[in-house]
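Form predicted alone, single chain, as structure tokens, below.
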Amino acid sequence: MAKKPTTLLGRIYATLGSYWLAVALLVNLFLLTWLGTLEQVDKGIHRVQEEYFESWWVLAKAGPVRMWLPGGYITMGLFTMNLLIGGLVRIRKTRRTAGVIVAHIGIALMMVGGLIEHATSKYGRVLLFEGQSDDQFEEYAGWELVIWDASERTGVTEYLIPEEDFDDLEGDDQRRFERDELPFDLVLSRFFHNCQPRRAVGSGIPTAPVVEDYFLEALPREIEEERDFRGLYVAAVTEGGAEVVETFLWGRRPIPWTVEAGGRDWAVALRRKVHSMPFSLRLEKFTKDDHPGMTMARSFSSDVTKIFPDGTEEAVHIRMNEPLRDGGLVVYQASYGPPEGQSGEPYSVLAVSRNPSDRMPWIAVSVIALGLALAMFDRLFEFIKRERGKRDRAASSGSGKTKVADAVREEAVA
């Protein structure tokens, strides 16, 4: 029996690698998954993912009951330490535990892949009409403030402020952003996760500053995050603070706001985060097959041309469950437009996933399967060996009894 640790560090080390900690973490992970799934009905998948799995703590709701639970960061962090200490370091290294160790290595690979995905992956979409091409995709949920020289036509340099730098601005809170390359500073305030411009006249008391007879009105968050449109009040302060120009930006504003400073016109816009692809996609043809006698789509696909920077082209057919893969980039057929019952030119919506660890789950599952197979065959060989030993002992015992019986019969005959 292993000796119990006597020092504080030894007890902490033993606890981190204990079986009971693993059970507690699995129970907590089950609660996070269960309660988070229930809350998706009201909050949507993106908000639930942020609150439950991309957090340290979460105030979970189970009917009328509220409870504090360790969030995804704490749960997975402790689970990783428990796996490494209990499943790889402290476990006895013998032939019989080889399969268990290999399976734990596979689980560790799965968790490493999840960490890489969380830190580096990007998810978004690209919308294309037939004949249109694009080499960028926009995120579903992430937003950014972008500034550029409106007089430039080629080689435009964009200055970006990510949403994470101003999404906590509420009420009268302000934050000033400076760049040496820009002849003005931006003062941001009053951030809205979802909003719309509203005319001040006839709408009662405005709930936000009025700019040219309009103000931003807050709206409830949508269940589908991509249907939210951000809003933000912004003021441009020229060098020395001589002039202040204020307005608000809205995610659906069709044209950027322009500021004249340093003898040039500068454009400022609030948009979804944009990422470049290593190639351009041109939509050649979009095809939709309907169910017989119905307007509901049975399948839909896109014939696209992949255009590389050197000018070479490659024809690709993208359909449901048959994506385009290029390195860590995956392009799926997601949806189409216009919606049923509406007129307009058809277009294709392609979902884009940039995940460097795209193949890691396959590798991890293969390693786990190998470990389980090794453990199963080890138990199988042990079972066969025991059964063979039993038969040999039974046969040996039966042979001895036969010899005794023969000897008794011989004596009786004599």
Partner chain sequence: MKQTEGTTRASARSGRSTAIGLGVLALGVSGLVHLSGLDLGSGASGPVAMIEATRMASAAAYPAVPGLPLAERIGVGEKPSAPQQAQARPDVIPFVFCDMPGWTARPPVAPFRHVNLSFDADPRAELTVAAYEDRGGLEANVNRWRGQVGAAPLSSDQIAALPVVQVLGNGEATLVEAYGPFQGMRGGRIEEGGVLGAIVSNERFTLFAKFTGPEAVLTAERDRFIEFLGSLRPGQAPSRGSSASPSAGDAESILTWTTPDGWSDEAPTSRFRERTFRRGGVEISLSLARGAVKPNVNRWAGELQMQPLDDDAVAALPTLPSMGTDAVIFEGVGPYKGMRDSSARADQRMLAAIVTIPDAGGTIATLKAVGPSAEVGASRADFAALLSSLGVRGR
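Numbering follows the first chain given and starts at 1. Just so we're clear, the structure is a prediction, and the values are computed from it rather than from any experiment.
The same protein also exists as the form predicted together with its partner chain; that form is not shown, yet it is the one meant from here on.
- Of the candidate stretches 319-327, 95-103, 217-225, 122-130, only 122-130 has residues with heavy atoms within 4.5 Å of its partner chain in the predicted bound form.
- Its partner chain in the predicted bound form is approached by residue 56, whose closest heavy atom lies within 4.5 angstroms of it.
- Taking non-hydrogen atoms only, residue 205 never approaches its partner chain to within 4.5 angstroms in the predicted bound form.
- By the criterion of a heavy atom within 4.5 Å, residue 312 is excluded from the residues contacting its partner chain in the predicted bound form.
- The closest non-hydrogen atom of residue 263 lies beyond 4.5 Å of its partner chain in the predicted bound form.
- Among the residues 147, 331, 304, 195, the one placing a heavy atom within 4.5 Å of its partner chain in the predicted bound form is 147.
- Between the options 235, 88, 182, 110, the residue in contact with its partner chain in the predicted bound form by a heavy atom within 4.5 angstroms is 182.
- The three marked residues, 42, 51 and 231, fail to reach its partner chain in the predicted bound form, with no heavy atom of any inside 4.5 Å.
- Taking its partner chain as it sits in the predicted bound form, the stretch 145-173 comes within 4.5 angstroms of it through a non-hydrogen atom at 147, 148, 150, 152, 153, 154, 155, 156, 157, 158, 159, 160, 161, 164, 165, 167, 168.
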